[in-house]
Every structure is written in structure tokens, then in C-alpha cells.
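Here's a solo chain for you in C-alpha cells, the form predicted alone.
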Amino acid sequence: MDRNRNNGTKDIRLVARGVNRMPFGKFLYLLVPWLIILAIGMYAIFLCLAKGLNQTNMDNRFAFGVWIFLDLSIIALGAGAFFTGFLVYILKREELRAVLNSAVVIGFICYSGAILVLMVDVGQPLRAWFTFWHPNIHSMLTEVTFCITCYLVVLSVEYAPIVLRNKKLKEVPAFLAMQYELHRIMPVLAGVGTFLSFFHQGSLGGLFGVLQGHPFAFREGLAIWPTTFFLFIISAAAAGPSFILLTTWIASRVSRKRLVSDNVFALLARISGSLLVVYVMLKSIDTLTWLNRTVPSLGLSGIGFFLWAPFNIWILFAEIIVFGLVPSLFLLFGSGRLRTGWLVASSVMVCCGIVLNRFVMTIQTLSLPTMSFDRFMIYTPSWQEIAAFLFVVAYGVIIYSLSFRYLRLFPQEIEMKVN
């Protein structure tokens, strides 16, 4: 326990062993804006649950509104948890152990936040158990529900030993023994988490690929899966390391400490860049196949889908080139030459590209007319929808801040020099 004297008083902080943190008063002051956002979001969620989904701008056309788009985005960004665990415990990349704890916390935040928003999106959370008791075995969403729920349990178990390593909790013998036993099964949990994440990431993409009533999203299949099944898996695996790099850099800047060595940033950049190159290549092949074979076979013109403002051809160029090919080359070939700032900027571009892809697959897919008598529609979320999502953002910032302050997320921190 740290004791710092300020004006004759003792500032007692239950921080992790071997690290220094800002005074509690300043820490709380920095959290105030996020606590306000959290309160506003809670009020918006209350309105949605108490009065129903008429508080949103969703309708029969836009059943997948901003919540689903943002859910898909944060689940993709949270893929760094399962992928980092896979690299450390299965492929034995021990260098990444420096960010493993942080990746687990981020994954826990992303998945728990996504499930929280889904409970609001359902509109009747008291019937949420229907999904498990009366599953539709022909729906990909059933598999997604089971996998996401199980993976959140896995993340909770992985998060537990991080919490139990707190200096004060380690003084309890039962907690110390529990932490030791949980640590022994981490490789098994990493394998289970990889399996669960592989299928729910893919099924989220496959869901759109089988929408025959929406030819903009519909794709031909490889075996029994549409190509979007594989594209969602690869894109999530590519974005995960970039998001870990980005959040680690932000934590380092806010705390004004070096949390990991530069070679960890370089390795994360190379992994993300390599996977992103593969994704861009496969995405390009998929898009060309869709434009030249899938859409014409349906009696439609592929370029016709990009004649509706604001979804012009620029959005396809931005997704594949600006936020895909360009940052992938920077991350892959510049990881050993460029400064960390350039790698961070490239990681931001990667994350923006994945978010843009999820936006295209949800909002753009539903906006475009599919029948000759349909009309183009623009969807604008209500303030309740935006506030509910900002609630998840604030929730994530608060959980991560508390974890960073009281737990040991970065083992290399005590080995680094303060900037």
C-alpha cells in the first residue's frame, strides 16, 4: 500500500504493487465527465425499457439500427482479446504477454457492453431467456447468441485472476489459491475463447451474406458459408491487434508512463498489417466477384448501388484503399522504421476501416431500395439510441480506468522509465 504525504495528510491508494498512480482526487476528477455521460445513458436506457422501442427511430425497415452497427463494431474491435490469448498461449508469442491483461479487460468491456445494448435493443429483456430456451436452430443469430454469451463467461473467468492479483486481495489466502488455479487453466480458456470467437465473428458476417432480399449484402457461398463469414473473421483478427496498440498508447499518454517496450508495438503492428493485407486482398476479390457475377445474375447493376448519396463509390474506395490497403502497408513495412506515432495513426485508420465496413453492412444495406417500388431511405438515430451507446463508451472508460489504477495490466510498466 502506497502512502504519500501531502500537507501532513496521508493519501492511501490500493494500487498494484510496484506502480505509482495519481492522487485519488485527481483520478475522480478525470472520471466526472464520463460519470455524467453514464448517468445520461442510464436515463435513455430507462426510457427505452419503460416506454418501449418507440423511443428509437428504428422501424420495420431499419430493424438493425445504430445499436446493431455499433455492436458489430465493438465486437470486432474486442477481437484483440481472443487473438492475443491465442498468440500467447497457443502460438507461444511471449512478447505479447505485456499487453495480454489489457487485452482481456478490453475484450470483457466490449462483449459485456455489446450484450448490455442488445438487452435494450430487444425491448423486452425479461424475455431474453427465450433465445436460450426456445432457440431457432435455423438462425445464425442463435449460434451468435450462444457463442457471445459463453465467450463473455470465458472473459469473466480470464478477468478474475487479474483482479485477484491486486495487492490487498492477495493477502486473502483463498483468493491467492483461486488466482493460482485459474492461472493454470488459462491455455484451455484461450483455446475455448478462440473457438467461440471464430464462429460468432463469422456468423455475424454470414448473417448478412444470406440476406437474399438485400442483394447489396448477399454473397455466394464457399461450402455452406457465404464469403462474408470469412471476411468478418479476418477483419476482426486484423483490427484486434491495432485496437490493442491504440488503447495501450492512449493509456501510456494519459498516465505519462511507458507501459510496454517499442518492440511490442512493432510486433502488434506487423501482425495487424499482415492480416489486413490478406483481408484487403480477399475483400477486393469478393467485391469484384459480387459486382461482375453475383449482382448481374440477379438482373441488377452492381454500380447502381453506389448511385445513392451519401453512399457513392467513395465509400467503397475509402473502405478498401484509404482505411485498408494504406494502413496495412504502413503497419507491415513500417513497424521497424516508423515512429510509434505513425503506427498509432495507422491503427486508428484500421479501426475506422472496420467500423466503416460494419456501417456499410448494416445501415447502407437497409437504406438501399431492393424492389422497383421501394424508395431510398435515410436513417437517423434518436438521442436515446446515441445516449445508450455513449453509456457503453463511458462504461468502458470507467472500467478500464479502474482496472489500470488498481490492477497490474502491464507487467513491463515497473521495468520502464518514466517519460
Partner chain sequence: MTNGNQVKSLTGKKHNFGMVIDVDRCTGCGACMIACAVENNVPPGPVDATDRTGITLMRVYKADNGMDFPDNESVFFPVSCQQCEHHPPCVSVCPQNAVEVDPATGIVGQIPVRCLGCRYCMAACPYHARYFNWWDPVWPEGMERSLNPDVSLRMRGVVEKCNFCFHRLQAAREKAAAEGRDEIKEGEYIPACVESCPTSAMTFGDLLDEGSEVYRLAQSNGSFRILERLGTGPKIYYFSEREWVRNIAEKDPASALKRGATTD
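Because the structure is a prediction, the values reported are computed rather than measured. Positions refer to the first chain, counted from 1.
Not pictured, yet referred to below: the form predicted together with its partner chain.
Partner contact region in the predicted bound form: 298 to 306, out of 323 to 331, 261 to 269, 74 to 82, 298 to 306, criterion any non-hydrogen atom within 4.5 Å of its partner chain.
In the predicted bound form, its partner chain sits beyond 4.5 Å of every heavy atom of residue 96.
Not displayed here, its partner chain is approached by residue 49 to within 4.5 Å at the level of heavy atoms in the predicted bound form. A residue is said to contact a partner when one of its heavy atoms sits within 4.5 Å of a partner heavy atom; residue 319 fails this definition for its partner chain in the predicted bound form, lying far away. Looking at residue 53, you'd find a heavy atom of it within 4.5 angstroms of its partner chain in the predicted bound form. Of the residues given (339, 293, 256, 127), 127 alone sits with a heavy atom within 4.5 Å of its partner chain in the predicted bound form. The partner is absent here; in the predicted bound form, the one residue of 252, 142, 284, 112 having a heavy atom within 4.5 Å of its partner chain is 142.
By the 4.5 Å heavy atom rule, the three marked residues 227, 352 and 359 all fail to count as contacting its partner chain in the predicted bound form. Along 371 to 389, a non-hydrogen atom within 4.5 Å of its partner chain in the predicted bound form is carried by 371, 372, 373, 374, 375, 376, 377, 378, 379, in order along the sequence.
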